[in-house]
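What follows is a single chain, given as structure tokens, in the form predicted alone.
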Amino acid sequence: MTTVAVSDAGPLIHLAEIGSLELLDAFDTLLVPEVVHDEVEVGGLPDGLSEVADKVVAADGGDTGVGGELDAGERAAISVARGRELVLLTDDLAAREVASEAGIDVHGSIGVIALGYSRGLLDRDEAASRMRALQRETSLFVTEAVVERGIRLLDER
């Protein structure tokens, strides 16, 4: 099964912070809206982003039905995903809710690590370690309960 994902800035930044951008290779194609690329570029493009992002795509931000709750990158990523068989990658709770309500399959950084494990890109202990690193070593706010739930998912695969 071919998996295509579109990402907002969060997972690109957070996975880069723990040296795990290569896990995005678990997707057959990774799309990055131009506005997201520009957002990430402001902080300095993470090493390896050009190797994993297959295509920078134009997206107008579209009408997500949520005024100012989402930033331009989140709106653009949802716009690209809407009506297509794409996975949306976001760590933003409001963006996850909007996308889920629109019937879009959503995964965050922890989900990317779990997918990398299920595709054989890393072993269980390394996957668990990287999930914990997301909480300890990145700018992502993630609770201990979410990390532990992600680790339990590894054991179910």
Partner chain sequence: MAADISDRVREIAEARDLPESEVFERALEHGLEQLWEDLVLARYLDGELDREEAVSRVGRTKVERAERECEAVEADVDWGQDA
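Positions refer to the first chain, counted from 1. Values in this document were obtained by computation on a predicted structure and should not be read as measured data.
Below, we refer to the form predicted in complex with its partner chain, which is not included among the displayed structures.
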task: Select from the listed residues L70, V106, V40, L49 the one whose heavy atoms reach within 4.5 Å of its partner chain in the predicted bound form.
output: V106
- prompt: Taking the shortest heavy atom distance, is S118 within 4.5 Å of its partner chain in the predicted bound form?
  reply: yes
- prompt: Is A102 close to its partner chain in the predicted bound form, meaning a heavy atom pair under 4.5 Å apart or at it?
  reply: no
message: Contact with its partner chain in the predicted bound form for V142, defined as at least one heavy atom pair within 4.5 Å: yes or no?
response: yes
Touches its partner chain in the predicted bound form: V146 (any heavy atom, 4.5 Å): yes
statement: Contacts from 13-42 to its partner chain in the predicted bound form (any heavy atom within 4.5 Å), listed N to C, are F27
